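Here we start with a single chain on its own, the form predicted on its own, put down as structure tokens.
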């Protein structure tokens, strides 16, 4: 029987520190949820998670944004965004225009059809996420959000201290 890292850590707790077991639990949850979302997006809409994420960023702004701003928001390189944008422009989901003040800068925005299709996907996505967390009470969710915010702050502090 093959066990994931989290299960191994729980079964052999003396081999792993508490923080490591926590990290493995977070990683396992993230991997499970992300895998489920990827599968459902592919099956229902024939779209990848990165394309969905890019469209989600653009749905927040009606005028669009630059490739550079888009890559920062998605926390990926400009090169990764460029490839996604190319495919979504070809499929008619995005519109691209060059800045009037700087020809090196391109603005990307959802087309009317792209926005409509994204919103259908987003509505389904919201239902899927609600289903994934369906066994948690509102109180559980509030507590988890509080603890994850604290975890995020701790991780940011650690990263800042390391880079100082």
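Because the structure is a prediction, the values reported are computed rather than measured. Numbering follows the first chain given and starts at 1.
As for the form predicted in complex with another copy of the chain, it is not shown, yet the points below apply to it.
- The chain is drawn here without another copy of the chain; in the predicted bound form, the stretch among 93-101, 24-32, 63-71, 107-115 whose residues come within 4.5 Å of it by any heavy atom is 24-32.
- Looking at residue 43, you'd find a heavy atom of it within 4.5 angstroms of another copy of the chain in the predicted bound form.
- Contact between residue 39 and another copy of the chain in the predicted bound form is found at the 4.5 Å heavy atom cutoff.
- In the predicted bound form, none of the heavy atoms of residue 51 sits within 4.5 Å of a heavy atom of another copy of the chain.
- Taking the partner from elsewhere, residue 131 is found to have a heavy atom lying within 4.5 Å of another copy of the chain in the predicted bound form.
- If you take 101-125 and check each residue for a heavy atom within 4.5 Å of another copy of the chain in the predicted bound form, you get just 125.
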